[in-house]
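In the block that follows, a single chain appears as structure tokens, in the form predicted alone.
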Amino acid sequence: MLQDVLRQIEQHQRFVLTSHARPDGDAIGSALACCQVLRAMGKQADVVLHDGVPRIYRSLPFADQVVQSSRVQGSYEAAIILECDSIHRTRLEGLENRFLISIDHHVSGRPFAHVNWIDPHAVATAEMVFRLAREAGVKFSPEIATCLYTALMTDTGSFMFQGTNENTFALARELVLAGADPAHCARGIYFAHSAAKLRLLGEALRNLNQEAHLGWVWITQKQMERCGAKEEDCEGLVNYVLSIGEVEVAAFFRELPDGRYRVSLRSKGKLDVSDVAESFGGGGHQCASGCSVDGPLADAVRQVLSQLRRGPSVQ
């Protein structure tokens, strides 16, 4: 499938790149790096994201070139959609009549595009972009390496998630040799939070619940407003629940403006949370997934915990 992607890149000239709404580190880093790879191949390319670049990723190279919009406008011939399983999840209008290329590493990835390169064995979409660039003969600049290293670091949970192996560190080594600075990348992600995020964390931890190996917290719209928090301030809060010694699976419930709940699921590896997320129309990784469920809160918690209690164990 990599060769199919390269063939289509050769046959088209103008590309728009995007990923899912509420982009995470792999979405941002992979899109930024892939855009520069295309430009190095002599193509015209731009990154368009519905929600723009979250605060902690704005120091990445080329982040200031990202277009935040709800619609793709321009004479783009093709769209490359990274780590996203449908047009709908980009929340972008204007993709429908373009040639679509999907690059995704999620086990829940779906072949929705004209060309679909889906590799669940890749530890991050950044790994696939790395392979694409290497196959195309593109030199890895320090800026491209920084974007890919940040994507790899965040999508592996700082190299802690299940699936991290010797190949992950071999890739990290290649990116460091190409100019990525691990300490600088880590500082930008883990030591650049807003005060609002820490206030929100306090609110969430006051709602902490635990039942045997399950732990969960929630945040309401009123709490978000009281803390002056943005949607991106919710990223990573679920990991504090997972840090409890006895907890094997953690869930974070965030109330949405329409009364539904966005649910972030994390696992230490004994339970596959991607299957649980998929049962609610979501998806993701074995150890990190997400979905949305109907409210009210009590119903949302009941539905998700019920699935987690009987969720598939990892063999």
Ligand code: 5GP
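Just so it is clear, the structure is predicted and the values come from calculations on it, not from any experiment. Position 1 is the first residue in the sequence shown; the rest follow in order.
Keep in mind that the form predicted together with the named molecule is missing from the display, and what follows is about it.
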{"query": "Selected contact from 50, 39, 268, 262, since only one has a non-hydrogen atom within 4.5 angstroms of the named molecule in the model of the complex", "finding": "262"}
{"query": "Residue (of 226, 110, 184, 134) lying close to the named molecule in the model of the complex, criterion heavy atoms within 4.5 Å", "finding": "110"}
{"query": "Any non-hydrogen atom of residue 249 within 4.5 angstroms of the named molecule in the model of the complex", "finding": "no"}
{"query": "Contact of residue 288 with the named molecule in the model of the complex (heavy atom, 4.5 Å)", "finding": "yes"}
{"query": "4.5 Å heavy atom contact, residue 283 and the named molecule in the model of the complex", "finding": "yes"}
{"query": "Non-hydrogen atom contact residue 230 with the named molecule in the model of the complex at 4.5 angstroms", "finding": "no"}
{"query": "Output flag, 12, 14 and 77 jointly within 4.5 Å of the named molecule in the model of the complex, heavy atom basis", "finding": "no"}
{"query": "Which of 211-219, 68-76, 85-93, 118-126 sits within 4.5 Å of the named molecule in the model of the complex, heavy atom basis", "finding": "85-93"}
{"query": "Sequence-ordered list of residues in 211-243 near the named molecule in the model of the complex, where near means a heavy atom within 4.5 Å", "finding": "235"}
